[in-house]
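Coming up is one lone chain in structure tokens, specifically the form predicted on its own.
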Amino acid sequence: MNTEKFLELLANGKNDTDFEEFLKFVSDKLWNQYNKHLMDEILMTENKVNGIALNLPNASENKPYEQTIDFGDTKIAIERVDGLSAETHGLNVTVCDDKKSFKIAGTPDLNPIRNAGTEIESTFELTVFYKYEGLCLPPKKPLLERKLQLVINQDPRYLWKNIPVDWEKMSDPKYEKEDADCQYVTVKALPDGTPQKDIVAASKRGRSHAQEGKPRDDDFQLYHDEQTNWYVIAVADGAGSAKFSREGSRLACNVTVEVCKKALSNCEKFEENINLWHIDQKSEDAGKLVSTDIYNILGKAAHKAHTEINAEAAREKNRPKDYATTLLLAICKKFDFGWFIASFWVGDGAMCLYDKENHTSVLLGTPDEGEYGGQTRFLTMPEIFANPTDFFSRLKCRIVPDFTALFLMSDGVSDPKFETDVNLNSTEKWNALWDDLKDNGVELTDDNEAAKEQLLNWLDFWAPGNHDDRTIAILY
């Protein structure tokens, strides 16, 4: 039967208008049925593909990631995968040559999203666009889709907030303090061109304080006397549990340095005694003279700070323990025979005389944690001064030919870098700290004033579980 005969039979004697309406009706009905059939086929295919188990392990920011995702169905032909990009996520997505699989590779980096001010989520949706062999797709849906989710665990250091201190809402007295501070003391070379040691220090509010909008509690103070060539360095760590410890640490540093500064401006007798002790360090008489001098300078400086803190607490009708602070204090000077160093230490943190060339490190005291572990002792405690023997044990002195660096640091630095008090006695650990500073941009070279900003930036180092205020001072 030819086409003409078929149409004649189909028209069944109807006029052209009726026949056209009939054909339109039949065509629409058949196309609707066909489209429904096609959608059913598409749905069954998508359900089949969505049922394929795919292993997409979590990625972690700043850690290399590479995974190949294989659908394993020979009828699939992947066209592209959307949802990730190197520019936004640090990850490239490549469809493999077989078109049955694709690869995700790169080092996740979500900073482009953070810097755009967008709130960061850790779960990202990928859309796999594919064709399926034997399935005819309509023009409005030329490709099928499979959704996948990739979790990129964010770098924990970016999850911390940096909330400014609301000083207006702080209880009086406010004792305002900057979130960070740094200082560099340049000491001019000798007339013959011999370089002298400089001092650099930096202090930064810890992440745990920034997270809650709390102020920095640490402090430091540096001094060098151009006339006598004496150095004075103080570092203090205000107790986080003490309401006004930020002022306690400031007073501890400022008062002790001021007392030492005054005492060392007229210290001919002290220097004579140091020379005598150098000549015969086994001499009890010379040793007693130097010990007495150290007590009269460092010991009285510490006691003066203790008294000033108590006086401030009384003026403001607060408790002295509200100003609780540790204190690391050192004085030193270069003589013809070498360096003389004396120190006072109460509380935790670390103070160390480090010599890289001779592979030595000497702690100038001992971190003390009170009667029970974890309970740091503070300058504000009356018992620190009650027992003369215990108090004198906090005063140390020694003579060395030279050294690489004198370190004073709060436990915000010593805890993550040394982990245990035992490790504070490890020269290898001090070597590692010295190398760490150098490798991370702190150039401890002569007269490098930029070192103060470099050291301040270094204090941002990441150490899981260690987010306290960080302060470090280095004489080098």
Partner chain sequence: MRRLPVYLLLDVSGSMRGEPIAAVNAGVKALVEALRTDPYALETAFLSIIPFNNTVEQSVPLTELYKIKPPELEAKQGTYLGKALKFLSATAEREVVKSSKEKKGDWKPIVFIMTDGKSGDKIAKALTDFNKSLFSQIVVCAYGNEANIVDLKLITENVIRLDNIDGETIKSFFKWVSASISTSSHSANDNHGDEQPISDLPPLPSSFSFVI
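Residue numbers count along the first chain shown, from 1. Rigid core: the largest C-alpha set superposing within 1.5 Å between the two forms. Predicted, not measured: the structure shown is a model, and the values here were computed from it.
Same protein, other form: the form predicted in complex with the partner chain, not shown, and the subject of what follows.
Point to revise | Exercise: residue 337 in contact with the partner chain in the model of the complex, heavy atom 4.5 Å | key: Residue 337: no, not in contact with the partner chain in the model of the complex.
Practice item. Although the partner chain is absent from this view, report whether residue 223 comes within 4.5 Å of it in the model of the complex, heavy atoms only. Key: No - in the model of the complex, heavy atoms of residue 223 and the partner chain never come within 4.5 Å of each other.
Check your understanding: Taking the shortest heavy atom distance, is residue 184 within 4.5 Å of the partner chain in the model of the complex?
Key -> Because no heavy atom of residue 184 falls inside 4.5 Å of the partner chain in the model of the complex, the answer is no.
Exercise for review: Decide whether residue 194 counts as a contact residue for the partner chain in the model of the complex under a heavy atom distance cut-off of 4.5 Å.
Suggested key: Residue 194: no contact with the partner chain in the model of the complex.
**Study point:** Residue stretch of 102-110, 82-90, 134-142, 237-245 approaching the partner chain in the model of the complex, non-hydrogen atom distance within 4.5 Å
**Key:** Of the options, only 237-245 has residues within 4.5 Å of the partner.
Practice item. Tell me, out of 261, 278, 303, 146, which residue has a non-hydrogen atom within 4.5 angstroms of the partner chain in the model of the complex. Key: Here the answer is residue option 303.
Point to revise | Residue (of 274, 395, 406, 199) lying close to the partner chain in the model of the complex, criterion heavy atoms within 4.5 Å | key: None of the others qualify; the residue that does is 395.
Practice item. Would you give me the residues of 44-61 that have any heavy atom within 4.5 Å of the partner chain in the model of the complex, in order from first to last? Key: Stretch hits, in order: 56, 57, 58, 60.
Practice item. Superpose the two forms on their rigid core, then report whether the C-alpha of residue 426 is displaced by 2 angstroms or more between this form and the one not shown. Key: It does not reach a 2 Å shift.
Check your understanding: Under a superposition restricted to the rigid core, does residue 254 display a Cα displacement of 2 angstroms or more between this form and the one not shown?
Key -> Comparing the forms between this form and the one not shown, which are aligned on their rigid core, residue 254 does not shift its C-alpha by 2 Å or more.
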